[in-house]
Each structure stands twice: as structure tokens, then as C-alpha cells.
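Coming up is one lone chain in C-alpha cells, specifically the form predicted alone.
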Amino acid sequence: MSSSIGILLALSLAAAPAAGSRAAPAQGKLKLKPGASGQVCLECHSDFQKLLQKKFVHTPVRAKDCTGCHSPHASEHGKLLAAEGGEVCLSCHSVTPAAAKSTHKPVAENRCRECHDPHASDAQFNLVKAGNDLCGKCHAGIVTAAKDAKFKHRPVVSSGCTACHEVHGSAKGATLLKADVPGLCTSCHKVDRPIFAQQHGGYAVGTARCTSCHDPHGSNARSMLRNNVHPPVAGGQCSKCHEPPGSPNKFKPRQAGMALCRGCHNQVVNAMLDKSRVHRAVTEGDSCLNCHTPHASSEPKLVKANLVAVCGACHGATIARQARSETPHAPMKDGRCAKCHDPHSSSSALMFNAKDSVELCGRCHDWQKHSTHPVGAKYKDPRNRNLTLECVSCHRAHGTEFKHLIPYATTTALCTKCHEQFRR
């Protein structure tokens, strides 16, 4: 019998796993000879000999138990796996706590191989990369900023991301934190010491959310305040906005809403309110605090978060439309909503920060080179009560499911809405 026939015969004696279950060796009268299970596989997959020399080898691989994860014959899943992706891993590994408050996205989606090598690695826990380099695959902005920060958070430097975060899921905190804030922070920073109150202007902030002022990863501002700090906070002048630290209502703002901000920004507020269209977020609810943080932010102009998140809190449908757009519009894709809209007020429709869409779009697009179609005040849109024909008459700036931001599948379908003589 040739060696190839012998291999086929040996493989035929190993049982294929039931659908969705972990593979297991055959239990019939005929079995592979002792020790031959993984050895048979290595006759073809000789490259695995190198993997066995790595520092950390997955237990089934070290035992040459290939059929622990793979079917030897056929499978409905890639690489002859006994189940789809991470479901194979879950047959042995339980990685998330019950009633988790947060779960790592790759874990939730059974994408274990994004972080772990299923066979062997030179990094502990079979990680594809070690330490913060692994987290940086997805969280490059945070990892790079922490590495380059002038003032570094000691746990991030000494122990990496896992000093504060669970890697799979957390039952105690959001964003995979090992405990919620401020509990996590006060496990190292003792709030009962007199110096703690002194550093915070005499205010007892031991139960406040530390991350509203401090960047937990690292910062270029002293005391690891977030990179953009409200001047009163940077100057330790908390009582400029709040009641004095000895007051019974010490954390209460001296005035409510926009009235407090007017104390320093009166000219800005007046100019904003003088325009014909004022953003509802400015005049309703918490006013300025709807979009801005009063203390410190990692975003410019003390915006609470990136504009996709801030604007999306009210304009979620618009953000979702862009996410599924066939042709992404660069300002929206990059989270630069203020490139086209004034977030406070405007004298133009749709809160444009230009006279109209022709002027606005012309800042980036030379429409005369793009198309010879006339636009502007002299031309009217017959579909829309003869309003001025502008760029937004044919394009949807926030995206559509069709190319070039048009609202129809083809340019012919778009054009014939006005040019009826060309309809067939």
C-alpha cells in the first residue's frame, strides 16, 4: 500500500464532528495507532514543526490533537473547523463574565483570532502581538497618544492597557474597565489625604468622575488634564463658575445655562443669537453643555467627543445614512460636520456656514469642471416650487445608497425627473 493511500485510510478512521460541536476521535473498532493522530497531519503540514518550537503553544497543538478543532474529512466551515470562528474556542474557553456591563467587540463577534493565534505564538496567551502593540491594532489613536504624551499615566507605561481594562469583558465597568470610575482611580489615588482637596481648589471631588477632567491614558497638559482645558479650570479658579468650596451647594453653578457662559463669552453669544437661524441645542436643555464640557476635553473647543458622536446624539439618522452611503462624503466620513454647518447659528438654510450650497460646495469642488449643468439664482428647480437650483438639488451631502451622492440609481433616472422630454 502506498504512503498516500495509508494516510487516507488513517484519516478515514477518525470521526468527523457533529455540526456545531467539538471534533472528537472515532470510537469504532478501528482506530489510528497510538500517537499517530497529529503525526499523520504533520506528514502534510510540515510547517507546523516550526510552530511547535515557539514559546507558547496552544495545548491541543502541543498534544498534536488536531481533531480537537478540525474535522479530518470535511466541514461546512473554513479550514475544516468543527464550528464557525470563535465558536470552536468557546467549546473549551469561557471568557466573558455573567451579566457583563461591557464586552470586547471581537469577543462579542467571536473573532478570537484577531487577538490570539490558535496554534502558537512567542507572546503569552498566544497573542498575535504583545502588550499595547496588540491593542494598537484597533486603538492606534489612543495607544500612540499615550506613548507620545508629555505627561504619561504610570500604569499605562508599566503594565499597559490591562492595568485598568479587562481584555474580554467586564462585569464592573463600562469600556471594559476593571471597576467603574471613580472607584478604579481611587484604588491608587487616595482621596482622603489633605493634598487631594488642595489640588482641587478645596472642593471634595473624591466621588466625581475623574475622566471628566483628566485623560486616563496620558496628556500634554499638567496633572494629566485633557489636552484642551477650560481656562478657569487651568487656573484653578473653580469658584468662578461654582459656588465657593465651603458653601452647602459648592458644586452648584453660579448661574444656569447660557447665562453663566455669558460672563466670559458675551460677545460670542450675542453674535450667535443675532443670526436668523439658531441651533436648537444652543437654546434648549443644558444650552452650551449640550455639546461642550465645562472642564476639559480631548477635542478642540471643549466639545464633549468627536462630532460624529456629538451631532449623532440628535442627528442619528443622518449619521447612519452616511455610514451606508455608496460614496462617502469626506467631511462626514472624517467627522468634520462643522466643515459645512455652523454648529451654533447661521443666516443660511440648513445651518450652512456659507451663503448657499453652491458657494459652500465650491470651496472643495469646482462644479464648472465637474458638470456643465447650470446652478445658481437664475435657475429654478421645477420639482421643488421653483426654488433655486443648487448642488443639493441633485446631490445629498450626507450620502445615499447610490454613487456620487445622487438620490437615484442612475444619472438618467435623476435627470429625467426634470427633463421629461427624454423619458422613454
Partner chain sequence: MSNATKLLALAAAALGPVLVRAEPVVFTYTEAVYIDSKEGPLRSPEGVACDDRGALVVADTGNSRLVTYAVREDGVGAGTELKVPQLVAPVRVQLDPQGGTVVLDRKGSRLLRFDAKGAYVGAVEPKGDLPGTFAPVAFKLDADRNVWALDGAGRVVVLDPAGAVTRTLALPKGVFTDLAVDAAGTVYAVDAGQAMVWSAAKGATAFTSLSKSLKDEMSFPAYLVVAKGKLLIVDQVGHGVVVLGTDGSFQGRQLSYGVSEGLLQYPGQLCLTEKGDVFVADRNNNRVDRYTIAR
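Predicted model only: the values in this text are computed from it and were never measured. Positions refer to the first chain, counted from 1.
Just so you know, the form predicted in complex with its partner chain exists too; it's not on screen, but the next bit is about it.
Asn386 is the sole member of Thr59, Gln53, Asn386, Ser46 with a non-hydrogen atom lying within 4.5 angstroms of its partner chain in the predicted complex. Out of the listed residues Ala323, Ala330, Ala140, Leu350, Leu350 is the one that sits within 4.5 Å of its partner chain in the predicted complex by at least one heavy atom.
The stretch from 388 to 396, 357 to 365, 38 to 46, 61 to 69 that comes within 4.5 Å of its partner chain in the predicted complex, counting heavy atoms only, is 388 to 396. Remark: Glu284 counts among the residues lining its partner chain in the predicted complex, judged by a heavy atom distance of 4.5 Å or less. Looking at Asp274, you'd find a heavy atom of it within 4.5 angstroms of its partner chain in the predicted complex. Put simply, Ala174 is far from its partner chain in the predicted complex: not one heavy atom of it is within 4.5 Å. Contact annotation for Cys264: none of its heavy atoms lies within 4.5 Å of its partner chain in the predicted complex.
Taken together, the three residues Cys314, Ala317 and Asp381 all lie with some non-hydrogen atom within 4.5 angstroms of its partner chain in the predicted complex.
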